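One chain is shown next in structure tokens, namely the form predicted on its own.
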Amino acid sequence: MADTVLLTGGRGFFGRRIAEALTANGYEVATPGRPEFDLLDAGSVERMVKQIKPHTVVHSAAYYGGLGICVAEPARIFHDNTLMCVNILDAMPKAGVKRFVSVGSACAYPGNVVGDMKEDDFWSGPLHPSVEAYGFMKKIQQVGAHAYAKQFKIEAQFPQITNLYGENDVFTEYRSHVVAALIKRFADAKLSGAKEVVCWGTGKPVREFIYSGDAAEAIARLMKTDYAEPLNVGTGIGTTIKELSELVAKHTGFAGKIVWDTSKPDGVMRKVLDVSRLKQVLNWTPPTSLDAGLAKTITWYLANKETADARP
């Protein structure tokens, strides 16, 4: 009989891809949602975990967004995400859960890492101020998982995910990450006949992007192992925001001018994961190139634009 997995956030952008990957890898996946499963309500979480009795909890749910929301709502980001994690962790031993998979983020790495970020760098310094609340919350998940592992013998795994993009993302300006924000901006400009698109910063920062389906597959493959240390999940390939913008312009058909608003922040100048350990542990490399992944994502977005733009 297949292990049952309780997946938080399983109906969201990344969660639905994780659910697909886990199902394809032979797991039975439960993806309860609100109001029956309110992660901010300890009683609701305890009742649902006891009802499902999963072998594993994969914690993917998060209140998140791009740089704008990290600057505007750091207290809510810290409070809601920490409370969700604590409620999940506290419910697990009461229901006999054997394993906890904490879906982490590259935002949890120190802001002053020189070169590509290795797993050994995770605790080596302070976070970048622009993502401190969200990044530190991901560190709390790791500390909490270790505490419950020690006291209740619950195994834990820690995939650290780089910047995601893909179908069903949040494309609204306020909550979107950089790829989705750019896709909407360039698509809107193309549809309106605008002559230019204004982008934040200088375009010089280097980021790494992974297609959501590939990142989900990495989590499913990790769960087939007993690897219990943090594991970077990314491509290891750096792309400047300028290069990303040009790719998005190409796939949306925008042929106008790209203008850079240098009064807006760049954030960390380089954020790329070292993925050598990923290749060793999983014997696998994410197969989708940025160009191919963007083509898939933009095709989906243009076909579902009205619904995607209306998502809060």
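One-based numbering along the sequence shown. This is a predicted model, so every value here is computed, not measured.
Form predicted in complex with a small molecule: not shown, discussed below.
- Query: Quick one: is A91 in contact with the small molecule in the model of the complex, heavy atoms, 4.5 Å cut-off?
  - Reply: Close contact is absent here: in the model of the complex, A91 is far from the small molecule, nothing within 4.5 Å, heavy atoms only.
- Message: Using a 4.5 angstroms cut-off on non-hydrogen atoms, would G256 count as touching the small molecule in the model of the complex?
- Response: So G256 does not count as contacting the small molecule.
- Proximity of E28 to the small molecule in the model of the complex, heavy atoms at 4.5 Å: Contact check for E28: no, nothing within 4.5 Å of the small molecule in the model of the complex.
- Looking at the partner-bound form in the model of the complex, is W200 within 4.5 Å of the small molecule by any heavy atom? It does: once the small molecule is placed as it appears in the model of the complex, W200 has a heavy atom within 4.5 Å of it.
- Check each of D41, D274, D266, E246 and return the one that places a heavy atom within 4.5 angstroms of the small molecule in the model of the complex. Of D41, D274, D266, E246, the residue with a heavy atom within 4.5 Å of the small molecule in the model of the complex is D266.
- Message: Just to be sure I understand the contacts: of V97, A133, V170, I241, which is the one whose heavy atoms reach within 4.5 angstroms of the small molecule in the model of the complex?
- Response: Filtering the options by heavy-atom distance leaves I241.
- Task: Mind telling me which stretch in 53-61, 33-41, 248-256, 266-274 gets its heavy atoms within 4.5 Å of the small molecule in the model of the complex?
- Result: That would be stretch 266-274.
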